[in-house]
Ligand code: GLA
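The chain below stands alone and is given as C-alpha cells, in the form predicted alone.
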C-alpha cells in the first residue's frame, strides 16, 4: 500500500490532512478447517494484504468513512464536513441497522459501546487489497481496522483478543453472519513471521514460527462459494449429532478416531461417521503441524496439508472440481511440499507450501496448468505472514 497516496486521497476528499493510519490484515488458514465450531484448533496466518484507513478524529459523535473500493465516488471529490455523503456516515449515539458494507463499522461501534467503551468519531478514507469473497477474511479485516481506528481516536488501550471477540459479536449479532472467532483473532493478534495456533474453546493463543525456507502461496480458483450456508449448517448439525453419540460437548473432546465403534452402533449414519472422522483427524493434524513447524520439518508439514485436503474432499465433502484441480496442479510441481483447500470450501482458495526460492516459478506453472484443465484464470498470491492490526501516525 502506498501510504503517501492514501494520505493524498484523504486530503482530496476531506480537504485536510489525516493524522493516523491504521491497517488490519486478511488471513489464510494453513490447517484446521471446520474445526472452529467444533471447539477445536486452527492455525492461520495474517497475510500481507490488508484494509487501510487514513483518518483524523472528530468531536461531534459522527463517523465518516469514504470507501475507495465500495462506492463509486471519484477520488478527487471534495466533501465539506457538514455535507457528507449520506451512505458513508453514521451517528455513534443513534445507530440503526441497514444494509451494505457500512454495517461492519456500525456493528463494531455498537458492540464497543455496549462493552463500555466511550467512543469518539472520525473522518476516514478506507481502501484495501484483500480479495473479497475469496475466503481470506476481508470482512474481519474491515472490522479490526475500524476497531483499531476507534481505539486510536478514543484513547483506549488496544487489547487484541478482546477486540477480536467484540468484532466477532459485531459480525454475529449486527451483521448476522454466524462466523467463528478465527478470522477476527488472526486479523487482530497475529505476529509477523508466525502462524497463530488458536484453541477455539479457551481462545488461548500461541505464536508458531513459520519455517524460513518456505513460501505460502494462495491459489484463488476464481470460483465463489455457492449454497455454502445450507451446506455449512448441515455439516454443523452432523458434527453435533456425532458429538452427542460420543457423549461429549464437541468433537474436539474425542481423542482419537474410533470409526469401528461408531459403525457398530445400529442406525448410525455413514455420512455422520465421515464428518466426525474429518474433524477428529483434522484436530490431530493441527496439533502435529505445530510440532513439526517447531522443528522446521517442511516435508511433514506438507504431508499434513495433503492429508487435510483429502479429508475435506472425501469425508467432509466441501471441495469442488476447481479446488481439486487447483490442488492437483500445485502438488504436481516438484517445489511444492503440499497443498489444500482453505476456508469454508465449495470454491474460493487453496493454499500451498512451496520452496522459498521457487515461488515465482511455481506460480507460473500452476497458473498455466490450471488454465488448461479448468479453463479459468487463477489469481495467485505469494504471501508473507504479517503483523495483526496496527497503527502509525498519519
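What you see is a predicted model; the values in this text were computed from it and never measured. Positions refer to the first chain, counted from 1.
This protein has a second form, the form predicted in complex with this ligand, left out of what is shown; the following refers to that one.
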Practice item. Verify the contact flag for residue 34: yes if a non-hydrogen atom of it lies within 4.5 Å of a non-hydrogen atom of this ligand in the model of the complex, no if not. Key: yes
Check your understanding: With the partner left out of view, is residue 338 within 4.5 angstroms of this ligand in the model of the complex by any non-hydrogen atom?
Key -> no
**Study point:** residue 161 within 4.5 Å of this ligand in the model of the complex, heavy atoms
**Key:** no
Practice item. Give a yes or no for residue 246: in the model of the complex, does one of its heavy atoms lie within 4.5 Å of a heavy atom belonging to this ligand? Key: no
Exercise for review: Counting non-hydrogen atoms within 4.5 angstroms of this ligand in the model of the complex, say which of 284, 179, 175, 151 makes the cut.
Suggested key: 179
**Study point:** in the model of the complex, segment of 53-61, 323-331, 357-365, 338-346 with a heavy atom within 4.5 Å of this ligand
**Key:** 338-346
